[in-house]
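As a starting point, one isolated chain is supplied in structure tokens, in the form predicted on its own.
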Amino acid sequence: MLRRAALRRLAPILLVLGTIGAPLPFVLPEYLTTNLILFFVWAVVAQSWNLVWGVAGVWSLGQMAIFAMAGYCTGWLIIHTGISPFVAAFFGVVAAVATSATMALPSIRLKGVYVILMTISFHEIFRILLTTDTSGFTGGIFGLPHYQGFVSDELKFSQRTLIQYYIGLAMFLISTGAVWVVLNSRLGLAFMAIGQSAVYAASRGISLYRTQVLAFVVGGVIAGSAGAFWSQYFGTMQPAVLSYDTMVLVFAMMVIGGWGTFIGPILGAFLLVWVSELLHETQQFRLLILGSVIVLASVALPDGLAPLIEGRLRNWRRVFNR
């Protein structure tokens, strides 16, 4: 059951985010608007991964494979069946959930580093299958051919960007709201319990097997929605989304923002989307710099930015309440 106080706090959070986000396309250059669309996608993926690893304590590195599965399924259905992009997106999320469940079943019988090895193997197998496919089913290393997503290609680029921005904003707000609801429900408390002490959680009657499967599935729904949107935003899907620099980027969002927290992945995504864009000029040094940022952030801010900011806000609140 969702705690009423938490539900009352959700509406103002979404209202503030929506109020800030709604007018931005009219005041920002088009280039910055497209960067914000990328922020929506990676913030949602980082939140989904944070639920699985940061909150539930399952050391999974398979979140990008779930994201890619949703994108490929969405694009393939649009190309080969001609169904509505929104229906294709729905089935893309279903494929992501099925992938999450498939990955969860063997993973939850393992612990620690063995979960990492199993999930990264799943990720790598999927990447190899995509890049070596010569049947034309997935397009191989070049990915799926171009297709029309949510927005008609006949519109001007600025018009398409505006519509896609608001679809991305809606996805971000819905996903963020869903994460808040989960974290403040009994299921979220179960996630936190097994993440902090699985032995103690089991002794209190929490089913580790069922709860960890649900963590994978809930994370799969959220990551799948981002994958389905990404696929239609670019009008293609390529194996590049499974590259290690992309995985490191999303992982860094969790670490720097503060994993295990609600606001941490959002803060990390907002910061690193802009940093990543700046690092495009560094080419081969981009991954090295991102890795160094993770190391420095882990040493200087082991709990991430979110606890630091929340602590400062509490101090200011005490000062103003005097």
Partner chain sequence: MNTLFAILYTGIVLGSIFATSAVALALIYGTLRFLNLAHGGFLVVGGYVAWVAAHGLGLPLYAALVVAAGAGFALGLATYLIMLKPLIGVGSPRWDIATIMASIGLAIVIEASILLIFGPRLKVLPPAVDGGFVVGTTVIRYNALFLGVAAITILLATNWFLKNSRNGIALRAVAEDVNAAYLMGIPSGRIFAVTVAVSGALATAAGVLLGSFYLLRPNGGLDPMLTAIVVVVFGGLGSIKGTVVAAYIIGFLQAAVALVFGIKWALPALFAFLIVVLIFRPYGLYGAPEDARI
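Positions refer to the first chain, counted from 1. Computed from a prediction, not measured in an experiment: that's the story for all the values here.
We do not show the form predicted together with the partner chain, though everything after this point is about it.
Look at 158-166, 201-209, 86-94, 107-115: in the predicted complex, residues with non-hydrogen atoms within 4.5 angstroms of the partner chain sit in 107-115.
Contact annotation: of the candidates W76, F251, F150, F234, the single residue with a non-hydrogen atom within 4.5 angstroms of the partner chain in the predicted complex is F251. Out of the listed residues L129, M192, V217, I141, L129 is the one that sits within 4.5 Å of the partner chain in the predicted complex by at least one heavy atom. Among heavy atoms of V255, some come within 4.5 Å of the partner chain in the predicted complex.
The closest heavy atom approach of V299 to the partner chain in the predicted complex falls within 4.5 Å. Although the partner is absent from this view, D303 contacts the partner chain in the predicted complex, with a non-hydrogen atom inside 4.5 angstroms.
The partner chain is not drawn, but in the predicted complex it has a heavy atom within 4.5 Å of V295.
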